[in-house]
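The form predicted alone is given below as one chain in C-alpha cells.
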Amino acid sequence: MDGPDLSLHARARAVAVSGAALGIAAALGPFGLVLRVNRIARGEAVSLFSAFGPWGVALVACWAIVAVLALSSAPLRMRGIVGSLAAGAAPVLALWQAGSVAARYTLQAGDLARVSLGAGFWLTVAASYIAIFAATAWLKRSVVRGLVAYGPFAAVAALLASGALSSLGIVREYANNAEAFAKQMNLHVAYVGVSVLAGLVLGLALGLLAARKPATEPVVFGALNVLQVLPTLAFIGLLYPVLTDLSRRVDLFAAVGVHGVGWAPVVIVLSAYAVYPIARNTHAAFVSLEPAVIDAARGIGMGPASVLAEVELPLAAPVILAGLRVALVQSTAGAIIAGLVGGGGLGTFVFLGASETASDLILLGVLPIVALGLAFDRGLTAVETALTLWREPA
C-alpha cells in the first residue's frame, strides 16, 4: 500500500502520465526542429522523431518508460528514480541529437544554414519538467532526489562544453556575438542588482512604517499598488518628460547620463516595481510576530534598536526573503525592457532578433533571462528553507 499519502501518489501518477503523453506528442509533432538556408529564412519544420532516425525511437521510449512506471505498482522509490532519469534523459537526448542534425545540415547546406530548436523541443522540455516534478513526489527529500532532479542541467552543460551543440543556430548566434553578449549580460545583471537593492531599502522602510504605524498602511500600499499596476512602457513614457527636463536643467544629471531614455528610466521603473513585494512581505512578517517574544526581549532590557536587529528582523527574515525573491525574479524579467529604450541588456538581442525575424537571436536574449530568474528563485528558496529550519525548535 502507498500509505497515508495515497492521494498525493495518485495525483503524481496522473501528472507523470500527462507529462509522458505531452512528451510523445512533442516528439511526433511536426515542429521539432526548423531547418533554414540562412538565419532569417522561414525554413522547413521537421519532427524530432523523423529528424533523429533511430534516436527518435529512443526518445519516445523514454516517455513510454515514464508512463509505464507511473501506471505500475513498482516500489515508489524505483518509480521516482527511474521515472525522473527517463524524463530527464529525453530533453538531453533531443538536444544532443539536434546538435548532430545541425552539424550534418550545415555541412550539406553551407555555413549560412541554420538549425533552430522548434516548438516540439520546447514542449519536450516542458514535458520533462512536468514528469520530473511528479516522479520526485515519490521520493523523500535526499541527495538522490536532488541528483535526479538537477542532473539534466549538468548533462546540458557537458554537451555545451564538449562542442556537440556548436552547429545549432542559437550557439552560432552566441559565437558571433560573444563579446556583446558578455557586455549585455553584465548590464542586465547590474539593472537587476541596483533596482532590487533600491527596492529592498525602500521596501523594508515602508513595510516597517506600515507595521509600526497602522494608520499609514492604506497610504503606503495604496501608492505602491498604483505603481505596481502601471504598464512598464506607460511608466517609462510618464518619466520621459521629467527626466528629459532634469537633464537639461541640471548639468550633473546630464553628465551621468540621466535622460528620458537609457538606463535612468529603467532603473527607476524596476526599483518601483521591486518595492511592493518586499514592503508587503515586511509588513506581513512584522505584524505576525508573537507579541510575547517581543515583550520577553524588552523584559530583559533590550532597547528598541536591539529588539529590531536581534529579535524581530531574524524572525521576519524568511518572509522578507520571499518578497525579495519575487522582486528579483520580477526584475530579471522586467529588465528586458531596457533593450527597447536604449538601455542595453539582454533585451537588446530580443528586440534586434524580432526586428530581423531571427528566432535564434531572440532566444540568445530570452534563455539567459529565464536561467537567471530560475537561479535566483531556487537560490533564495534554499536560503528561505534553511532560515525556516533554523527558526524551528529542535
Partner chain sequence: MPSEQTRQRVVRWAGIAVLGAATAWMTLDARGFERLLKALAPHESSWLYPTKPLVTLMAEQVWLATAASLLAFVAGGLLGALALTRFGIAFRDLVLSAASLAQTVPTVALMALLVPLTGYGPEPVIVALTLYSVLPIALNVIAGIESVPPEVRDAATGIGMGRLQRLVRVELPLAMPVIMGGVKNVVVINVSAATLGAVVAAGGLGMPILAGFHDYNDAYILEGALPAIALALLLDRALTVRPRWDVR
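Numbering follows the first chain given and starts at 1. Worth saying up front: this structure is predicted, and the values here are computed from it rather than measured.
One more form of this protein should be noted, the form predicted together with the partner chain, which is absent from this view; the next part is about it.
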Problem - Triplet Val60, Trp63 and Leu147 all within 4.5 Å of the partner chain in the model of the complex via a heavy atom - result: no
Handout entry: Single option in Val261, Ile268, Leu95, Ile294 placed near the partner chain in the model of the complex, where near means a heavy atom within 4.5 Å
Key = Val261
Exercise for the section: Go through Gly303, Pro218, Gly299, Gly257 and name the one with a heavy atom inside 4.5 Å of the partner chain in the model of the complex. Expected result: Pro218
Completion exercise
Only one of 335-343, 48-56, 65-73, 22-30 has residues with a heavy atom within 4.5 Å of the partner chain in the model of the complex, and that stretch is 335-343
Handout entry: Contact label in the model of the complex: Ser18 to the partner chain, heavy atom within 4.5 Å
Key = yes
Exercise for the section: Flag Ala14 as yes or no: does it have a non-hydrogen atom within 4.5 angstroms of any non-hydrogen atom of the partner chain in the model of the complex? Expected result: yes
Problem - Touches the partner chain in the model of the complex: Tyr276 (any heavy atom, 4.5 Å) - result: yes
Exercise for the section: Spell out, yes or no, whether the shortest heavy atom distance between Thr357 and the partner chain in the model of the complex is within 4.5 Å. Expected result: yes
Exercise for the section: Can you tell me which bits of 360-386 touch the partner chain in the model of the complex, meaning any heavy atom within 4.5 Å? Expected result: Ile362, Leu363, Val366, Ile369, Val370, Gly373, Leu374, Asp377, Arg378
